[in-house]
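Form predicted on its own, single chain, as structure tokens, below.
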């Protein structure tokens, strides 16, 4: 499935968009005990990048970020956190964009709006991996998940953006209890601990982890996960949202 690229995005003047501002999104998913990131590969170039987009003149910044992530995942009601603005001059490099445009039949003039300096307001998104339907544009060869340990070389400073996003995510595990946005509706305590350990990059003591999470009053025990003998069936939990 593809999203059609809008004509105004490739016009020289970039009418209808905020000049010099962009949104980049680090979309995290958790699957097979691995933290994954959704990446785009531009057609005929071998260039990899984070999902990104531009801000319309009459569009709220957060709405633009949600639109960018929704267009790539086919999801709605996405958990988003703005974590950093990347604006150093040394991130400015028009060559990758010129290569991408030329590979797709657009020969840009030097004053094309896409070749100018951009400041990127970056967000991380937490999604249920099993519900995502990756949605590339026709200018992409692919839109796919990559393990954090096997990220390909990315354009401009997108590798730095991922590292900053992971640092922000780790800080928010306790501050904002964001990990539940990566889990299915029901999960075992072991599955939740594995997620925490994967994000933090270290092992956690099981008894201490369980005591801490249960003491917060944010988990509801719902049933046992039957895997064979009754004595081996762990309890299932779900997050108690503010809407419950």
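Residue numbers count along the first chain shown, from 1. In this text the structure is predicted, and so the values were computed from the model without any measurement.
What follows is about the form predicted in complex with a further copy of the same chain, which we do not show.
Colleague: Counting only non-hydrogen atoms, choose the one of 135 to 143, 150 to 158, 93 to 101, 115 to 123 that falls within 4.5 Å of a further copy of the same chain in the predicted complex.
Modeller: Of the stretches listed, the one contacting the partner is 115 to 123.
Colleague: Tell me, yes or no, whether residue 87 is in contact with a further copy of the same chain in the predicted complex, where a contact means a heavy atom of each within 4.5 Å.
Modeller: Taking the distances in the predicted complex, the answer for residue 87 is yes, it comes within 4.5 Å of a further copy of the same chain.
Colleague: Could you tell me if residue 43 has a non-hydrogen atom within 4.5 Å of a further copy of the same chain in the predicted complex?
Modeller: Judged by the heavy-atom cut-off of 4.5 Å, residue 43 is well away from a further copy of the same chain in the predicted complex.
Colleague: Taking any heavy atom pair closer than or equal to 4.5 Å as contact, tell me whether residue 233 reaches a further copy of the same chain in the predicted complex.
Modeller: Judged by the heavy-atom cut-off of 4.5 Å, residue 233 is well away from a further copy of the same chain in the predicted complex.
Colleague: Check residue 183 for me: does it contact a further copy of the same chain in the predicted complex (non-hydrogen atoms, 4.5 angstroms)?
Modeller: No, residue 183 is distant from the partner.
Colleague: Of the options 35, 213, 178, 61, which one has a non-hydrogen atom that comes within 4.5 Å of a further copy of the same chain in the predicted complex?
Modeller: It is 61 that has a heavy atom within 4.5 Å of the partner.
Colleague: If you look in the predicted complex, which residues in 39 to 56 sit within 4.5 Å of a further copy of the same chain (heavy atoms)?
Modeller: If the 4.5 Å heavy-atom criterion is applied to a further copy of the same chain in the predicted complex, 39 to 56 yields 55, 56.
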